[in-house]
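First structure 1, then structure 2: two forms of the same chain, each alone, as structure tokens.
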Structure 1
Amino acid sequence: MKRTSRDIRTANRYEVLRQIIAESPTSRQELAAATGLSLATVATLVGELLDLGLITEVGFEDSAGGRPRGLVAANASGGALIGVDIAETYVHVELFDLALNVLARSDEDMRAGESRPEQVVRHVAAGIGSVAARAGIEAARVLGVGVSVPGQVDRDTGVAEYAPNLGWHDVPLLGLLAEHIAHPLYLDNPLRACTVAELWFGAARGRGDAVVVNLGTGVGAGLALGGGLHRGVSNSAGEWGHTTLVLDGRLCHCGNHGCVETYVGAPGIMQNLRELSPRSPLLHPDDQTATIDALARAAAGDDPVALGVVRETARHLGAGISDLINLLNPEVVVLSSWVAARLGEPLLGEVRRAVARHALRRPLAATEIVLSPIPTDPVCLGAATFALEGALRSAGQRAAKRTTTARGRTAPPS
């Protein structure tokens, strides 16, 4: 799509705000150097963000001579943002200030059979009400709610087009949520949310090209190329979990066989455990979270069965990540989401060894493989940035409309 001058201005305003949040406090000169924009452009954009109340002046930096540089920072008290992480087994909700510090969180588990859209909407609405009450935030201060849902998402229409692990097809999710939630709503999926979180605050910060591998019930690979989020032409980039790893392999929820997800997602890891030790006490047949937690504890204690499952999982994961490294040549591959967080260092070490057996030497030498360093839920954090982006775009549109109206009033008669 052709970008208008207003689109470019909005993108530049968002990039300046992103840098301010990530580097607070910072000067206009530092912002110009970080964004590649001219100092005059940065000064104008900073002025607009000050007028919107999203940032604030915080004094001057020490100077060894010459004019002191004024510093700006995120205006933490200027409003609130909410990020929602809808997964197959839970709904997490976190409320943030404008510096993206967590002020309150809510966790709602979803049992098997509780994933119908109307049930999920009730969980989300309850979670949003809970965090607002815990933080003591008035509704008017919430600038927006970013919602992440697994699968294929149409951001413009707010439709969850296809979420195989939830059994959803063409669910008008934002419309359903709007019946219960008065705040502005913005929809995307966890691949994009995790990637933005890593770009802002995590292992992809300052990197030109990064891959964020999400390991949960589902699996995917968020892409940051050229320092920015890569969505693809239909917002579908990153569905690596549904690429074929084993010909005629395990049946996937998407209908294909041998997908990456069926070997390294939480249900796939449970199947790895069944095949290695069918009667293992580590297996909780109807509870993914309990099984992964038991494996993590046992692996930390050098249990041979648990270590064998981690090794088998890493064998498949390493082969898939090698494909990403050979294809994209990223600076960093980040293992993210709840399965990666729980299995932690034992999984990371085995993955690195497996990747070393498969990836080409030159791209591998340029790639670091790490666990996500983000201490909170990266999906909620990334979803909150979508709400911030939407709020900034809306503010820009209102400002442009006011300017157009004012010009119309002052135009000379024809």
Structure 2
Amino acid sequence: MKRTSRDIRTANRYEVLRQIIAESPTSRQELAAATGLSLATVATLVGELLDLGLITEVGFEDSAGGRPRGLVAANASGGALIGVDIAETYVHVELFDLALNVLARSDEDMRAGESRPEQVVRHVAAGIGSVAARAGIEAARVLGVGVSVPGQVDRDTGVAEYAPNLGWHDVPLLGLLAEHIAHPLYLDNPLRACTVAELWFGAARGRGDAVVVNLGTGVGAGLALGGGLHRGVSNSAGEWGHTTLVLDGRLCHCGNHGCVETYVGAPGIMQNLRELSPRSPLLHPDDQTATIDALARAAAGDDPVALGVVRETARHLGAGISDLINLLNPEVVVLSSWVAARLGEPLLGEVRRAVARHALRRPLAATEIVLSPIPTDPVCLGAATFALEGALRSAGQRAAKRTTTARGRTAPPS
């Protein structure tokens, strides 16, 4: 519930590592300036990260008139992290070094009806084997595997509780994966993975409160409040896709009517197209990806039907994003995931116009709406970041134990 000194120390350790990864090489002085922490605190945290092998000393820079400053950088070769993005239509696996550079990736498509848990587990295991082999990484050097699966997850028990677009209920996913994969496993969902990716490496880095609007088959809003991920009391915060935008509107698979997702998720956008132009050649009835791709290409060529669909989608999306702005008063709203990436600037422009019509003046003036600047799959990146956070947590616990023991040994007799 309450944030303790230990939470703060953990958050500060993340913050310093995040800054080093983003700005390598950097000095303790620059880190203090960028994070707002004292130089003494930064020096302590840098020392811990050096001891853990996550960062490394890389030389000195001259400071004007003073003594040279030591530079540190992410220790790229200190280990590897794997991020897994299980979506409704594919399984992506990426292997990263500790500077979060992608060293290898594997994409496996899933056809409709191929998404039973045991089939997905086989895809994931094959993907992990493939990226490790291609990157030439020994198993022992993988610090952890972060796994993202849509819907509501219990990250403590590793259970995918409810993933309607996959048709899953209470699937013990981490247990199934552990039969094939020996690395430490960390489960969460794409919403929180994207949000953490933006916090560490994207548009939310160093900003105040941020909302990451995730537009894919499903829809959600990751909340980065006070510099950290807002999870809620049972780790299910962010289900903005299932908030009501049109009372008594379109039926949603959650049982509710008029949910945001039914208008701005990929199937909702297909429905917008169907209602505007039932026989449009842009519509690929059984293929979300092909339809969104066709819409994006046609909108870029000023096709009036495609532009109409983008506008109608943005009308709903803008009203929903205005709700987030009025309720949460964020500094930045980031549009993320594959639908946002493909519809890109035309969607962004229409959304900004719709938000300007809906949102209240004061919170509107404080907010910027941007497309995610992350060039790779943000879900894999965020999932790998969960693995990095997990590795940092357990390494920190081991280090604390060692320090206590060492102190005990070297303490002067009293």
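For numbering, take structure 1's sequence and count from 1. Definition used throughout: the rigid core is the maximal C-alpha set that superposes within 1.5 Å between two forms. Just so we're clear, the structure is a prediction, and the values are computed from it rather than from any experiment.
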Next item on the list: Name the structure that is the form predicted on its own; the other one isn't.
Entry: 1
Checklist line | Yes/no, residue 385 Cα shift of 2 Å or more between the two structures with rigid core fixed | finding: no
Check: Taking the rigid core as the frame of reference, how far in Å is the Cα of residue 35 displaced between the two structures?
Finding: 4.6
